[in-house]
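Okay, so here's just one chain, in structure tokens, the form predicted on its own.
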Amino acid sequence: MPYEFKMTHRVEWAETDAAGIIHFASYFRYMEVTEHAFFRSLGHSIVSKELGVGFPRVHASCDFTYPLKFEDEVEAHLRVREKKEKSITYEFIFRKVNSEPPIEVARGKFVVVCVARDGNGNMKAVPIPEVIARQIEVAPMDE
């Protein structure tokens, strides 16, 4: 059962700031794109019209330790750190992979909650559908 997913991104010019260093907001985009790819790898979408659920973020954070520049390649390593009835916590470890050896450049975290809309269109937390929940497990703590 999946508890991790890796995806490589290339820093684009539009993702850098005036100093030529990746803008911090790009990491949040990489986390989101990697999460979406993780869900697709399980055969689902992060917004499931069939199941009537979505997974908005209720927490997002990222700590940066090394700058990335235009055309650097960065691996986003998603790991499921916690799965509750209605939420999932992901850890992201970013490594610059076009250096020898690869360098850890940042660590991030998302907490997402499974929601459905009620009759008035308001979102309400609901249990993660079994078809999704049974496909995701928590990563071992030693990883």
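Owing to the predicted nature of the structure, the values given are computational and were not obtained by experimental measurement. We number the residues from 1 along the sequence you see.
Here the subject shifts to the form predicted in complex with another copy of the chain, a form of this protein not shown in this document.
Student: Please determine whether K124 contacts another copy of the chain in the predicted complex, using a 4.5 Å cut-off between heavy atoms.
Tutor: So K124 does not count as contacting another copy of the chain.
Student: Is R134 part of the interface with another copy of the chain in the predicted complex - any heavy atom within 4.5 Å?
Tutor: R134 lies outside the contact set for another copy of the chain.
Student: Classify K84 as contacting or not contacting another copy of the chain in the predicted complex by the rule of any non-hydrogen atom within 4.5 angstroms, answering yes or no.
Tutor: Contact with another copy of the chain, no.
Student: F92 near another copy of the chain in the predicted complex, any heavy atom under 4.5 Å?
Tutor: No, F92 is distant from the partner.
Student: What residues in 35-59 sit within 4.5 Å of another copy of the chain in the predicted complex, counting heavy atoms only?
Tutor: Residues within 4.5 Å: H36, R40, S45, I46, V47, R57, V58, H59.
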